[in-house]
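In the block that follows, a single chain appears as C-alpha cells, in the form predicted alone.
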Amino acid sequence: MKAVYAISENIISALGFTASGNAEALLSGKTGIRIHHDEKLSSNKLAISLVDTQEMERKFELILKQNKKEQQPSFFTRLEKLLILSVSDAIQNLPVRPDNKKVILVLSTTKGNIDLLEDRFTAKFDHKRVYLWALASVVKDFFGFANTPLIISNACISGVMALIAASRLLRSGKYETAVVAGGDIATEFVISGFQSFQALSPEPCKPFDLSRKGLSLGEGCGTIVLSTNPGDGKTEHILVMGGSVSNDANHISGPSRTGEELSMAINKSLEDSGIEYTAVDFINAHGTATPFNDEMEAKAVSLSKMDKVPLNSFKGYWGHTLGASGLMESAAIIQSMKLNRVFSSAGLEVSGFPGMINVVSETIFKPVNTCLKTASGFGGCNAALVFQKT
C-alpha cells in the first residue's frame, strides 16, 4: 500500500486566513468567538465565530485577478468564495495540476449553499446552486479540475471522513493527489436548528468543562492536500495513517451513552495504522461542549485506554464549523506536529471528567509525533484518524 502524505494545509476562520496565522492565534490563546446580534442570522444575541467579510471580499477580488477570471465577485456565494480562497492558499506553492487525471477534489460540507434558501438570495442565484453537486462544480470549474469531485456529507464527521476516503483512494493507486476541502457557513437555517435543540451556549463554549452550557457555532473552511509523493526534499513529513468510521445506531441526534462505538472507531483506526495506543502523543477530540457529546467522548477515550494522553478541543477557538470542522482541526493538528506544541483547550477552567481524560489547560511544548483525531455527529456517526510524523 502506498504511503499518503499531508503536504499542505489551510485554515480560514475568524482567527485568520492561513494555517500558520490560525496556529499563532491558538498559541496566544485567542478566541474568535464573539457575541453578535445580526437579525439576518437570529433575533437573539449569539456567541458565534464569523469570518471577516471585508477581508474575505478583498482577498477574493485578488484571487479573481490573479486567475484572470471573467466573473464578478457577486457571481459566487459566500461559501464558494471561502472554499476557493482556502484551496488557492493550500495549492499555491505546490506543483499540483488540477487538470491532471491523477488529481481529485474531495469536498466536505453538511449544508453547502443553504443560505440560498433565504428570500434575499432567491432572485440572485439559480436555485440549483443550493445542491451540493452545484457547489462542487463551481469550485471544480474555477480551478479546472479534470475529474468529477467527490462529495462527502455525513453530518459532523464529514471532514474526517473526507480525509479517510481520500487517503484510501490514494493508497489504491487510483489517484496520486487529493485536494480535500471542507466548508460551512453560519446561516439562519443552521442557527435555528441548533436553537430548537436548545444546544447553543449563551457564552463562548467550554469543551469538557464542568460548567459547559452548550456549543458555539462557527463558520470557516479548511483544505489539506494529500499526495503519495512528498516531493519536496524535506527530512520531516506528516503521514495520514489509518482511519475508521462507526455508528451508534442509538438516536437521530443524541450520541451513544456508553462511548463504545466511538471507542471502536478509535481502536480500528489504530489497528489500521499499525500503531499501539501507547504511541499516541495527543488526541484532538470533537469536543462540542454539549453535555452528552463530551461525556460520550470521555467514556470512549477512557475505554480505549488513553485516559492519560493529552487531549484538546479547538471549538473554543472558532466554534463548531460543521462540515469544515474535521478539515480545520486536522490542519491544526498538522501545525501542532510541525511546531511540537499541544495547543490548550480553550474555555477549560475545571475538567468535567477528572480521571477519564487528560484535557490540556495550557499549551504543552513537547515532541508531537503521533496524533489521533476523533469526530462524532448526528445520526450516531463516529470517525477516527491517525496522523504520524516521520
Partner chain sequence: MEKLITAYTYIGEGKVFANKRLIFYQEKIATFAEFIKALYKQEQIAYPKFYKMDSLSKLGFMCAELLLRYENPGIFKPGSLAVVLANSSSSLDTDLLHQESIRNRSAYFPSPSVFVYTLANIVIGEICIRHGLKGENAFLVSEKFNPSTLKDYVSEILDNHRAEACICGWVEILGNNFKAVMALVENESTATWINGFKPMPFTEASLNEIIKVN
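Remember, predicted model here, so these are calculated numbers, not experimental data. Positions refer to the first chain, counted from 1.
What follows is about the form predicted together with the partner chain, which we do not show.
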Would D281 count as a contact of the partner chain in the model of the complex, using a 4.5 angstroms cut-off between non-hydrogen atoms? no
Given that the partner is absent here, does S244 sit within 4.5 Å of the partner chain in the model of the complex, heavy atoms only? yes
Is there a heavy atom of K40 no more than 4.5 Å from a heavy atom of the partner chain in the model of the complex? yes
Does any part of A23 reach within 4.5 Å of the partner chain in the model of the complex? Heavy atoms only, please. no
Each of A6, N67 and D99 within 4.5 Å of the partner chain in the model of the complex, by any heavy atom, yes or no? no
Stretch in contact in the model of the complex with the partner chain, which is absent here, among 192-200, 307-315, 83-91, 293-301 (heavy atoms within 4.5 Å): 192-200
At a 4.5 angstroms cut-off on non-hydrogen atoms, which residues of 248-278 are near the partner chain in the model of the complex? List them in order. D248, A249, N250, H251, I252, S253, E261, M264, K268, D272
